[in-house]
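Below you'll find only one chain, the form predicted alone, shown as structure tokens.
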């Protein structure tokens, strides 16, 4: 399971190359960053564990972190060269095109309203008609609704937001991330950033608990960017958006099989590009007859999150606490 999960990014880039996807893919590595002594210890412990498993990780000193991020905030970092970045929309389109070439049919604007067992098959009623199927795969993650109420109640949806600058001058972009790695912080609230193919700086993190568009909805990210890179003053931020990720209590992805012919893969905890790719392949193998001991993740029962109906209160409190801790961290 460890080998399967941690090599997930390499599998994504392999698929990109195999199918010729146009999605701005770059396998330049990821950097896990620490700005507190507690998280510095966590990174040192992680590196020791990963080295024991033969993983290609590298410790970055505070000086190396400043060189690689353009910010003096970080004490240490961990570089994993297997990671990288891509445009998720381009990747989704590339997967869809590959599926269609393999014979799949894809129907958008067809929200499922009801799923029921009908003899030897399933019937899915949508806003535009119905579909009969021997196998159903539920992959709605943070957007799971009452059609699959038990699955919905096993997850906590959390909104993650991203803002993006205008294209930066080359000198400025290479000051911030000369190696074009993706950086994600340890800390009270996860924050992550990268520079894309158009030289735009993107920075993301937790957001308001509803769908929003536009920079003014996520000014906390702009303020944090100014803290990391004071020399960005005068640069225009042009885009902002958010969406749902699904958190599980154990922070593992979950695979369920609530009934014959019904498979569920959810709970990527903010790492869905790679993990959903892996779980999608796992579910495909299961649908084709793979046994339990041939799967990298166990098939588990669906378990409700205690007091889930109060998720907005709990998440809002956790975000407020995390932002306070971040402000006090210097």
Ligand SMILES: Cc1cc2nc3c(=O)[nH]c(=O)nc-3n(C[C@H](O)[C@H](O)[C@H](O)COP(=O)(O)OP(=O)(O)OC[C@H]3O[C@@H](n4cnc5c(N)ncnc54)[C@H](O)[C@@H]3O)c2cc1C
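Positions refer to the first chain, counted from 1. Everything numeric in this text was worked out from a predicted model, so none of it was measured.
FYI, the form predicted in complex with the named molecule isn't displayed, but the following is about it.
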item	value
Interface segment, criterion being heavy atoms within 4.5 Å of the named molecule in the predicted bound form, picked from 68 to 76, 223 to 231, 208 to 216, 105 to 113	105 to 113
Interface membership of residue 122, the named molecule in the predicted bound form, 4.5 Å heavy atom rule	no
is_contact(residue 35, the named molecule) in the predicted bound form, heavy atom dist at most 4.5 Å	no
4.5 Å heavy atom contact, residue 271 to the named molecule in the predicted bound form	yes
The named molecule contact at residue 192 in the predicted bound form, heavy atom, 4.5 Å	yes
The single option of 199, 248, 160, 174 touching the named molecule in the predicted bound form, heavy atom within 4.5 Å	160
The single option of 87, 135, 153, 140 touching the named molecule in the predicted bound form, heavy atom within 4.5 Å	140
